[in-house]
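Only one chain is shown below, in structure tokens, and it's the form predicted on its own.
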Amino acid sequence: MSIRQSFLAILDQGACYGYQLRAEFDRRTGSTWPLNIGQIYSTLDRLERDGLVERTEADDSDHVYYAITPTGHDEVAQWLVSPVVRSTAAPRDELAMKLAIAITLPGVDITALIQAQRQATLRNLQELTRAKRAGGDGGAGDDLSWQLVIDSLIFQAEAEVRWLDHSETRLVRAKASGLAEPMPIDETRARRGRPARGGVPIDGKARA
């Protein structure tokens, strides 16, 4: 999610100092995305650099407040009416990357790997479901925000379980057809153009 725009949206409701801004962010997102204070102030520094917020005088407790500028207000307004565009490129999802590498390695029981991941994801799904039930149906502004976040996490976990089921079925079919084989290092491709000592490629041909 965009921490930058989220901070601006909060500051559009009134000036805040660093710890207050973190508390407001946590309250409005159900404490789902914990932020350290260093991340808070580094983001505020960038917002100030870009002319989106400005510092005010410190209060009696030495709290330095950040207030949104008209330019910052305009960016919030634009953010709120603009859809979130997902990248068409494959995201760097750790689980997808792990499985993609694992199926190319010898001696890896990929079925066991998928089953272990499925069990972990199901446990996470159960914890999220219990948390949602314990939280009730929401109603107040901050409770409703938390419910929306929990619902999103539940849907993501359910989708991950379905993807794991699909991947396991596809893997079984690939093995049966002889398509799921380990990949050795491609020495031909690795050697192509690789410079040897002294800067001369190992094929002995100088490069322009």
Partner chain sequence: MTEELLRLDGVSMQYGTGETRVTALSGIDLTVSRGELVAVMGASGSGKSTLLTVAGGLTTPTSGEVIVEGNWLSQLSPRQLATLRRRSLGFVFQDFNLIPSLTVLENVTLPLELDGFPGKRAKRPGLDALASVELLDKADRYPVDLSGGQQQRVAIARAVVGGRSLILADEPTGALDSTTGEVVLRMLRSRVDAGAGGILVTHDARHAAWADRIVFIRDGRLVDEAQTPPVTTLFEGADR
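Note that the structure is a prediction, hence the values are computed from the model and not measured. Residue numbers count along the first chain shown, from 1. Just so we're on the same page, rigid core means the largest C-alpha set that superposes within 1.5 Å between forms.
Quick note: we don't show the form predicted together with its partner chain, though the next part is all about it.
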- Item | Residue contact check: Leu95 to its partner chain in the predicted complex, 4.5 Å heavy atom | no
- Query: So in the predicted complex, does any heavy atom of Thr32 sit within 4.5 Å of its partner chain?
  - Reply: yes
- Is Leu144 close enough to touch its partner chain in the predicted complex, meaning at least one heavy atom pair within 4.5 Å? no
- Message: Against its partner chain in the predicted complex, would Leu153 count as a contact residue? Criterion: heavy atoms within 4.5 Å.
- Response: yes
- Query: Even though the chain is shown alone, can you say which residues of 116-135 have a heavy atom within 4.5 Å of its partner chain in the predicted complex?
  - Reply: Arg118, Gln119, Leu122, Arg123, Leu125, Gln126, Glu127, Leu128, Thr129, Arg130, Ala131, Lys132, Arg133
- Item | Core superposition between the shown form and the other one, C-alpha change of Thr129 at least 2 Å | no
- Can a Cα shift of no less than 2 Å be assigned to Val81 between the shown form and the other one, given superposition on the rigid core? no
- Query: Does Trp163 show a Cα shift reaching 2 Å between the shown form and the other one after rigid-core superposition?
  - Reply: yes
